[in-house]
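Quick setup: one chain, the form predicted on its own, written in structure tokens, and binding and motion questions come after.
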């Protein structure tokens, strides 16, 4: 049975992630212990809210370096995807984990679309990846976000919200979902199942 450490640092909806993983047969450990995270088989970094607060909490708990050094599969969800990048333009600027080049910026869609982007949008696959196995091009995922990651070589899939939104990214053993896979019905369940099965 696959074991997953879900980082519980006060900036994520860990319960819904936990329940989604348990429905797929995983053993889930909610933790803010750096030693547990460092030794985990795989890790999920959830996140909602502000990037500055999230990075502050990770720093206070001594989790930044264990996350940066983690050598096995890691998945950032929602704000957790944004934290994989170098910086965020939120507030006066925030240094993030730095796995992927570029700055996260405020979402400014064309037209009168509201911000934050909240609701179901289609995923358009950019390239093949183990986490996208069995996920149809055009599948729907559930988004809630007011900031957007830069589009670039790390992008695996996009959605459209008055402009391209990098919906999934990857850098080596680290993946990100801007949407909430735990709330994204069949497509989200497939992505989480693939994460549980991807080679460590």
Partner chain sequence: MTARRIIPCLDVKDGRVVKGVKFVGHTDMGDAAELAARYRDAGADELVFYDITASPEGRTLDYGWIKDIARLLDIPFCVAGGIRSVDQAARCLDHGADKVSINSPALERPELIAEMAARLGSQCVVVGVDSRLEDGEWVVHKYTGDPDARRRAGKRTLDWLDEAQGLGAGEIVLNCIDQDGVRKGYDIEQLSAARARLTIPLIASGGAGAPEHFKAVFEQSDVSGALAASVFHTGAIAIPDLKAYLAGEGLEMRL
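Not measured: the values here are computed from a predicted model. Positions refer to the first chain, counted from 1.
What follows is about the form predicted together with the partner chain, which we do not show.
Although the partner chain is omitted here, in the predicted complex all of 13, 160 and 186 have a heavy atom within 4.5 Å of it.
You can rule out all but one of 129-137, 66-74, 31-39, 160-168: in the predicted complex, only 160-168 has residues with a heavy atom within 4.5 Å of the partner chain. Using a 4.5 Å cutoff between non-hydrogen atoms, residue 115 counts as a contact of the partner chain in the predicted complex. At a distance threshold of 4.5 angstroms between non-hydrogen atoms, residue 49 is in contact with the partner chain in the predicted complex. Residue contact check for residue 142: one or more of its heavy atoms lie within 4.5 Å of the partner chain in the predicted complex.
Interface residue remark: residue 119 is counted as part of the site for the partner chain in the predicted complex, having a heavy atom within 4.5 Å.
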